[in-house]
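Okay, here we've got a single chain as structure tokens, the form predicted on its own, with questions on binding and movement later.
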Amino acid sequence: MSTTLSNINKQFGKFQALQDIDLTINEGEFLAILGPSGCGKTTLLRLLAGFESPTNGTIEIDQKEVANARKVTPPEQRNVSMVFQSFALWPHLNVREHIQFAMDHHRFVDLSWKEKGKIAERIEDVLHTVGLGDFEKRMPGELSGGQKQRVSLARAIAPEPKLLLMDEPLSNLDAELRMEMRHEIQKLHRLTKASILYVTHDQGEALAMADRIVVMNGGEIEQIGTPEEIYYHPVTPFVATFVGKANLFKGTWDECLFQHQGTGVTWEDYGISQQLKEKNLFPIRPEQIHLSKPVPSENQILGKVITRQFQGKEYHYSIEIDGTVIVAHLPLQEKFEIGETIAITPQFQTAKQAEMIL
């Protein structure tokens, strides 16, 4: 089953929340929608769930049109489930009853389960899958944050929906729990084989979990690609700075050679997009920057260390270059002092090396 959005636009009054969205979610795919707050990712999810209607465009689920500007199929008539950011648990139902409720009221539950009396067996399987077998009688108020999110996941996957929508499901958990739940969600994806649309503003989540990533900004799609494509080959300045936190150096491009602004320093192309070249920008991620003592005889880009932060396995530096601040991540053995003048050299991959990664 695939899900297709064609020329989707959504307006709230005069505000354009989504503009010209064309997107296909493939069967069994884990697709992450990544972007900052207000970029339209949750609006997109609500359109797929049936909570909102598009101003223009169409949505098809399993080759059946479920939404256009004139008619919208309600949520209960779509074979979808949703995991909310706020868990959305009922305080008067225990863990097992939450899953039972989903099985009793989801329109697309396999009828053979009911005919063969296998609903209880399915609930047991789901409890075991999410690691809540010993907590089935617990009430929501007796659960930790991670356990509550597991209940939310269990309730969503129990009816075996074809499309599972997740709206920043880990944002209310602490860092350690988020890492644990990432693995749990990936495991659930492998077991259920459902198509997953995962909305997040956390680039680490998207890069770690998704088959493909959709990067959104201002209601539009900036880029769609695999995590490797998005990270190593951003096509717009926004994608370059939002994913991987690249520094954008200004200068001029002459075919495959970039000359840094105000210097004679030149760098070679390593697979940089045409859109970035047209804007005369050269993206370099913090881990691609090498710092060293200046060598007077060489034509170098010089900067001054503004801050240094210890991060366990590396130092994070901020460096000022002619009024512009860049960020560099260096191993612990490469230590520079605040106020020190240093030379900046990129250590980026060639286009051939980048192609080998992809």
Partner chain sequence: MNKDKNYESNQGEMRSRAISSVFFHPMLYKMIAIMLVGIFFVIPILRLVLMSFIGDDGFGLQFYQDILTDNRTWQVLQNTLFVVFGSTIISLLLGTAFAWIVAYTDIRLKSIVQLFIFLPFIIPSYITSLAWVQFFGPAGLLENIFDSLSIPITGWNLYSMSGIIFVMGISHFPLVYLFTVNVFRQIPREMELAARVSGAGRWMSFSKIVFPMALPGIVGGSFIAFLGGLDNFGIPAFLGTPANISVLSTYIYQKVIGFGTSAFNEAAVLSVILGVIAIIGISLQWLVLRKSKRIETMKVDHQPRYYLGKKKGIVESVIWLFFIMTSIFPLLSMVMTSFLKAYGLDFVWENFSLENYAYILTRDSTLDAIMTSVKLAGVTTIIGIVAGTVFAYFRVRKANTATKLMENAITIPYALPGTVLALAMIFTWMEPIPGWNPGIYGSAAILYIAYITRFLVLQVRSGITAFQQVDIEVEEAARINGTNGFGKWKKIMVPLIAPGILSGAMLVFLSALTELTVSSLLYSSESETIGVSILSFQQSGYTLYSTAFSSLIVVLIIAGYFILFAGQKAIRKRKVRSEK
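Positions refer to the first chain, counted from 1. No experiment lies behind these values; they were computed from the predicted model shown.
There is another form of the same protein, the form predicted in complex with its partner chain; it is not shown, and what comes next is about it.
> Contact between residue 208 and its partner chain in the model of the complex at 4.5 Å, heavy atoms?
Residue-level check for residue 208: no, no contact with its partner chain.
> Hey, in the model of the complex, is residue 160 touching its partner chain, heavy atoms inside 4.5 Å?
Residue 160: yes, in contact with its partner chain in the model of the complex.
> Just to confirm, residue 133 within 4.5 Å of its partner chain in the model of the complex by heavy atoms?
Output for residue 133 is no: heavy atoms all beyond 4.5 Å of its partner chain.
> Might residue 80 be said to contact its partner chain in the model of the complex, defining contact as any heavy atom within 4.5 Å?
It does: once its partner chain is placed as it appears in the model of the complex, residue 80 has a heavy atom within 4.5 Å of it.
> In the model of the complex, which of the stretches 23 to 31, 322 to 330, 62 to 70, 303 to 311 has residues with heavy atoms within 4.5 Å of its partner chain?
Comparing against its partner chain in the model of the complex, the contact stretch is 62 to 70.
> If you check 179, 257, 139, 224 against its partner chain in the model of the complex, which one has a heavy atom within 4.5 Å?
Contact check passes for 139.
> State the residue from 75, 146, 218, 204 whose non-hydrogen atoms include one within 4.5 Å of its partner chain in the model of the complex.
The option sitting close enough to the partner is 75.
> Can you list, in sequence order, the residues from 84 to 105 that come within 4.5 Å of its partner chain in the model of the complex, counting heavy atoms only?
Contacting residues: 84, 85, 86, 88, 89, 90, 91, 92, 93, 101, 102, 104, 105.
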